[in-house]
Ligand SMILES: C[S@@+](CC[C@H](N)C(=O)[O-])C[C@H]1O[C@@H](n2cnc3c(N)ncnc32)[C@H](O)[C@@H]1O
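Only one chain is included here, represented as structure tokens and corresponding to the form predicted on its own.
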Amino acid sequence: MSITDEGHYGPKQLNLLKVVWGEGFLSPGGTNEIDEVMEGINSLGKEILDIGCGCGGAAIHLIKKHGAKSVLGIDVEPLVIKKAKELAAKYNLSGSTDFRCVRPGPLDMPDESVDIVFSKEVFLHIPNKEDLLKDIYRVLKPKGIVAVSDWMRIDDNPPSKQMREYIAAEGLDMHMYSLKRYEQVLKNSGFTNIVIKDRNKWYHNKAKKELAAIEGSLKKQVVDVIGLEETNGAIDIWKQLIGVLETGEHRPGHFKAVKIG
């Protein structure tokens, strides 16, 4: 959300999202939504790369619940990497996690070095998904899996005025592809066994519950961490978010695919 803070994810922003989405999470759905993304994927004993790991909530869950051997989490925001390391220490998982602050650009990893690439609501901040998915294909081992949740759009036409206003209110870079475009990019990158899942209905319902909580049961906690004026601003942004979910233009979704070989 666009609040007066340091960078995209400064202290106020992180505290707000912790109240609304839970400790370690910078996107909605918490552990349940991670389970949805990972449905049908055997990650027991596997090495996972988490692109845009945020504050480490997903990495911790992938180890504790899904049995991953290790998770390398990368992010461009120094503060969230600090928080992720603190969270790993809290759960005594520093030895099986590695959180690194990186610069935007190609993955600094060897070819065929990880079993699974995971990401949650991060790809929308990366303009060139074609290069990104080719790079992911490169670092995956043969028969490796990419499993991603992202915020997408209903099509690839220019966004509507309502959508542009919502993106401006968020104050974040949003380069959103449609579900169909993601499917084509995955095919062009060499992936097979592609599964695409539309999550618009789920998040439309959840966002309405989030707004009700921010205006009700969570309001005091939110005001305590960001102040009354910016709480009101966050409420306005959530209302705009619900608006573009309601029209169907904003379509959160999942995809998973397998590297041939």
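Keep in mind the model is a prediction, meaning the values are calculated, not measured. Residue positions are given as counts along the sequence shown, with the first one as 1.
The same protein also has a form predicted together with this ligand, omitted here; what follows describes it.
> Among 153-161, 184-192, 109-117, 71-79, which stretch sits within 4.5 Å of this ligand in the model of the complex, heavy atoms only?
Replying inline: Result of the contact check: 71-79.
> Can you pick the one in 122, 140, 87, 133 that has a heavy atom within 4.5 Å of this ligand in the model of the complex?
Replying inline: By the 4.5 Å criterion, the partner-contacting residue is 122.
>> Within 4.5 Å, heavy atoms only, which of 43, 27, 200, 231 is in contact with this ligand in the model of the complex?
In response: Contact with this ligand in the model of the complex is made by 27 alone.
> With the cut-off set at 4.5 Å between non-hydrogen atoms, does residue 169 touch this ligand in the model of the complex?
Replying inline: Because no heavy atom of residue 169 falls inside 4.5 Å of this ligand in the model of the complex, the answer is no.
> Within a 4.5 Å heavy atom cut-off, is residue 51 in contact with this ligand in the model of the complex?
Replying inline: Yes, residue 51 is a contact residue.
> Closest heavy atom of residue 126 to this ligand in the model of the complex, within 4.5 Å or not?
Replying inline: Because a heavy atom of residue 126 falls inside 4.5 Å of this ligand in the model of the complex, the answer is yes.
> With a 4.5 Å heavy atom cut-off, would you call residue 104 a contact of this ligand in the model of the complex?
Replying inline: It does: once this ligand is placed as it appears in the model of the complex, residue 104 has a heavy atom within 4.5 Å of it.
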